[in-house]
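Single chain ahead, written as structure tokens, the form predicted alone.
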């Protein structure tokens, strides 16, 4: 199988110098992209570890809030609990911005500061207040998990893209440049041999003519 070279290449010394420069740049680019890929992979697995921790924290807060809510329901009654919960229901804004990891823009979520719900403490119980507190803490953990999930997805895409570029340089572009350099060098060597024998024949003809 013939080795691939760059199409339309002219086997000249000037072309050889240009392709050697391109090869040097490609090798340097391959090194930098490989380092970027490794750093991205390291950040990716660090986020995976962090996601596991944050999920555990979130689940614990949800369980604590649920337990407090169950006790509050037993004390207050389901109807009263639902009435107060409906009065407290409100939307909270989540601000979305970006932060940078190795040149990759990943999401950053910030939930607005929670306001104390308006309800009479005389109409509730300590377990209800604790459930509200734990639910707010769980919501903050949920936002953290969502941010990490988004970051994991963005990093995974960038890792895949960087891997493709590294592989293209390593297995296609750089070998093609090396093959082209070898091709030009052989063509130049062949041309030099032909010139050498041509000069030798001319010299022999001149010497014979002089005789």
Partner chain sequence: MKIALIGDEDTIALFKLAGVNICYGSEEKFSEVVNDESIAILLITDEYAEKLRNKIIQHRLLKEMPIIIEIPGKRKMEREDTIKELIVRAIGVEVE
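Only the largest set of C-alpha atoms that superpose within 1.5 Å between the two forms is called the rigid core. Residue numbers count along the first chain shown, from 1. Here the structure is a predicted model, which means the values were calculated and not measured.
One more form of this protein exists, namely the form predicted together with the partner chain; it is left out here, but the text below deals with it.
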Residue 160: touches the partner chain in the model of the complex, heavy atom cutoff 4.5 angstroms: yes
Partner contact for residue 38 in the model of the complex: the partner chain, 4.5 angstroms, heavy atom: no
Residue contact check: residue 171 to the partner chain in the model of the complex, 4.5 Å heavy atom: no
Partner proximity in the model of the complex: residue 86 to the partner chain, non-hydrogen atom cutoff 4.5 Å: yes
Among the candidates 27, 178, 33, 58, the residue which, in the model of the complex, approaches the partner chain to within 4.5 Å (heavy atoms): 58
Whether 17, 184 and 193 all lie within 4.5 angstroms of the partner chain in the model of the complex by heavy atom: no
Residues in 36 to 59 with any heavy atom within 4.5 Å of the partner chain in the model of the complex: 41, 44, 45, 48, 51, 52, 55, 58, 59
Core-superposed C-alpha of residue 105 shifting 2 Å or more between the shown form and the other one: no
Rigid-core frame, C-alpha of residue 174, shift of 2 angstroms or more between the shown form and the other one: no
Large Cα move at residue 68 between the shown form and the other one, threshold 2 Å, rigid core: yes
